[in-house]
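So this one's two forms of a single chain, laid out as structure tokens and tagged structure 1 and structure 2.
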Structure 1
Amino acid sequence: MFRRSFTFLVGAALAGAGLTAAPASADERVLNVVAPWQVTSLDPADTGYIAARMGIAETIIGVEPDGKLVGLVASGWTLDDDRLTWRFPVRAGLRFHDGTPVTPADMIAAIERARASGETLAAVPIASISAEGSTMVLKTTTPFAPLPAFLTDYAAIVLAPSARGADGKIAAWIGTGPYRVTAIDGDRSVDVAAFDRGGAMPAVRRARYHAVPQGETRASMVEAGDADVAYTLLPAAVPRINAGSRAKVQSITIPRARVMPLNVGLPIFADLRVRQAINLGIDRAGIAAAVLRHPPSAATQLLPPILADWHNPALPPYARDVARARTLLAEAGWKPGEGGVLHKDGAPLRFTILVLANRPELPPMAAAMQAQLRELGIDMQIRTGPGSIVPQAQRDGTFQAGLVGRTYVNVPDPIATILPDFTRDKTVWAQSGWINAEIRALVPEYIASFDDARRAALRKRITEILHAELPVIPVSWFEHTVAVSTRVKPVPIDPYEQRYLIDRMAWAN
């Protein structure tokens, strides 16, 4: 476990974690940001998203809440006529928090670091990266149309050379964002202060990130007035918070889904009819209403409507149909057996689903699904564990099924998630053992194409295949819930979860 406490450019008074009373000066008020994720290390591939969300470090390219790609460390980009050579100029006058100027070499180092430790940029077919004056020049071996979107990956936040320790590993977050780190207390909190980058300073000058894994504790902090902005709330806590006077909850659907990945290599899941029966046996509408308290979250297909280019309205929506599910199981040879569990060739229709405990809504969702599938004669056993439970089972070959949250916008184009999840023999968070030759041909074609009409046709076909073949079973889309204190003016919500946009926030009084 990462355990370290250090302070930059401030006195010992800033070094402690925990909540403090707001100072009298408006410039000294501390915005308390509460979220579930602990600072388990300073490795950008592990927790770079926290540094990016808190405005400490920036990626080469960013994405606005409306989905528009914008330059961050780079001022923008151009593509040569060969469709292989990309140019990313460093934003003029940009400096790190230690005062050193940003160079193309710093962007190159961020990409190389991310390619070595992350999954997203490792997929880019890079031929070479070099510097020409103040511009980074990246050449690919084959056309790679979504490259700018891939450069929003948090694993590739750009950090100063001084951020590395003697061992070459990242030892500090010294970035280019609107806020600089003033203190980090182990895995519990990060203090930041506004950094003068020229121009107007943010209205919120100081903020503190609190890692609070327990959902009920986050809700209690909101109700007690100890949190100004709190992310990822328990559904049951939302009405309670809204009934009080200290904060109100904002909620939007975001490009993330709660899905049930399957090991299609196992005999029970290799039969499409069984996957279809499980899909038809899940009462998504009931789960969304009773467990999530957010009916629009019921997933009628894999990708939600907010991903307008990828959400396919022509697909028949998923819905519960117990009679059809039973017919499919009978056609697949499953017959009633002891204890109401279906059997085939002497074996029960039984499997274990691994459920992530760090998302508090997943265990009750799994319990509801267990009861619903039991009506069909399917015995789904539940095992709850930490975030590592699914990757570990994938590695050791024991994975059968899971219930996980999967984001489709680690970069703004879902192809970056579809690529590793559905075109590789082994995955971390998606299915196992599913091989579809058409998908494996369509995805590279999509990546290489610059023709909008062709890309639209490819998206349509990719979604059709995933919808019909069910290598993963969508259960619900994510509702991004954010509690905002009445001390703060309405907060912009980033559906791409790239930034908390603290520099755009302001105190209500």
Structure 2
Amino acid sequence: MFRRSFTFLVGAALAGAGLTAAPASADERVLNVVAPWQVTSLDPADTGYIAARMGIAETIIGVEPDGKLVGLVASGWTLDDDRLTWRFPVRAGLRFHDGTPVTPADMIAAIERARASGETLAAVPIASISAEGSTMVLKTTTPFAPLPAFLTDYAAIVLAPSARGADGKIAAWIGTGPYRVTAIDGDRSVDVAAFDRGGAMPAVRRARYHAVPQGETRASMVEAGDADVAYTLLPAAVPRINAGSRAKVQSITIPRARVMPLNVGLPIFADLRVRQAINLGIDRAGIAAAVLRHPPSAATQLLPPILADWHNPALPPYARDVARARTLLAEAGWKPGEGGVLHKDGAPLRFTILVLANRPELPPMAAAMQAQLRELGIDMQIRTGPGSIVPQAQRDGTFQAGLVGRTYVNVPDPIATILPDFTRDKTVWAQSGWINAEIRALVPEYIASFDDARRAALRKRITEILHAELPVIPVSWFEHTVAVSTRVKPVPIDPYEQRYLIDRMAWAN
């Protein structure tokens, strides 16, 4: 009785406030997509990945789930014999959601916008960029083999000229993808509807993106049947969701890693033996099983097997070996001291690890590592904080160690992450103070090389160096978990996290 009158009250109040949604008819079923990332702004450099994943906007080049690069806005690409001049023809008949045809000028605008915002595309040595008929011609000053991979960067999604507001900033997402935006509600939801691009329409006609930052809330929504497809679930929620009847979890290991970057410039970490001892002291299998609940996530090297080109099966897998770790520390001159902590020259083997609290599994992982290192006499203090604590400490020079999630496929070639993370004295998210002349020579050579055999050899050597030198200590790979409701057929998962591929999904009945 009470609940009914109350529901009526709420309903009346909300109807008055215009918050109630009209009920959808059966053929207008809405696919509810739930993910943690909020639509904090419409700037493609901030949130272009949401527009790209939802199939609203497309990049010039894209990547298939199997890692193969394909044309999206461009139909493909060719490289002239000078190895500097790249040609990207616009896909024939391609139109924006506002009906205007796509021209090479739109691709150029996207690249220039993304370069102005810095980051990935700013690393490309562009000499000139111009339109020839319906083709974009891009010239680099030096050979840049991974250019097509770099053009999958979401900051460079191609948007219609009408997407710009009066101030020249992007004010709407008017793209070329299979779905067009019908409504954006603050930073919480984006509604899309299938866009007729000629050819067959996708089976899912309508979808809604829900931004739900709280992991536990995402899990509840899946369990309650409010989500059809939910990305990035808490490891602990997976068995619970699978035990219920409303959804099943699909998971794969993706090229993202939870790593412990170190300040190699510090006296304690400058000694490779200490880095090795920490590496040997971490129980990756235990953490993967107990905290992540996904044993295959235990990292045996930096990059996981799904990156077939970069995963190096010849490397000796990382594993726990407490006895060997103790020997290394003793060889490095560390002796048992007060409180069970190792000391050398009166100083304890102690450091602070900055742990990002925005990924809920990281604090318990750090707690597990703390206890494991404690057994070796290493005193690791934990400090958790918002995402900015690591770059903050890197900038003010107080950085000692961190525990962060790092993707190696911002673009489908990990070289785009290896370049900023391992060839500079100071980084934002990775090591600091690690100066390795060999890797600083190998990386530019790799970028300039078009010889497949040579590139394979370079990759092998780069991974060997990182594996042995441990400027960052890989702890686990990422398990990409997707909860799929029983209303939907099993979905394709893109390990590169570029697209949700909603246009390839289908209702179960």
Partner chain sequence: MRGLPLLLLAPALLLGLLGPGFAPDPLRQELMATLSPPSGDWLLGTDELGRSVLARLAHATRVSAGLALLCVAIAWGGGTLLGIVAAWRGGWSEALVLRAADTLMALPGLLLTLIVAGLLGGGMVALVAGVAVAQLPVAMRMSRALAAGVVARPFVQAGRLAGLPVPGLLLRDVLPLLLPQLATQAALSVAQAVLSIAALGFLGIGIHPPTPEWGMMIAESVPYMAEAPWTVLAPAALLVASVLGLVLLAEAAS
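Every residue number counts along structure 1's sequence, beginning with 1. Keep in mind it's a predicted model, so treat the numbers as computed, not measured. Here the rigid core means the biggest group of C-alpha atoms that line up within 1.5 Å when the two forms are laid on top of each other.
Exercise for the section: Only one of these is the form predicted in complex with the partner chain, so let me know which. Expected result: That would be structure 2.
Problem - Co-membership of E112 and Q276 in a rigid part between structures 1 and 2 - result: They fall in different rigid parts.
Practice task
Measure from C-alpha superpositions the angle of the smaller rigid part's turn against the larger one between structures 1 and 2 and state it in degrees.
Solution key: Rotation of the smaller segment between structures 1 and 2 is 8 degrees.
Exercise for the section: State the core-superposed CA shift for T398 between structures 1 and 2, in Å to one decimal. Expected result: C-alpha shift for T398: 2.8 Å.
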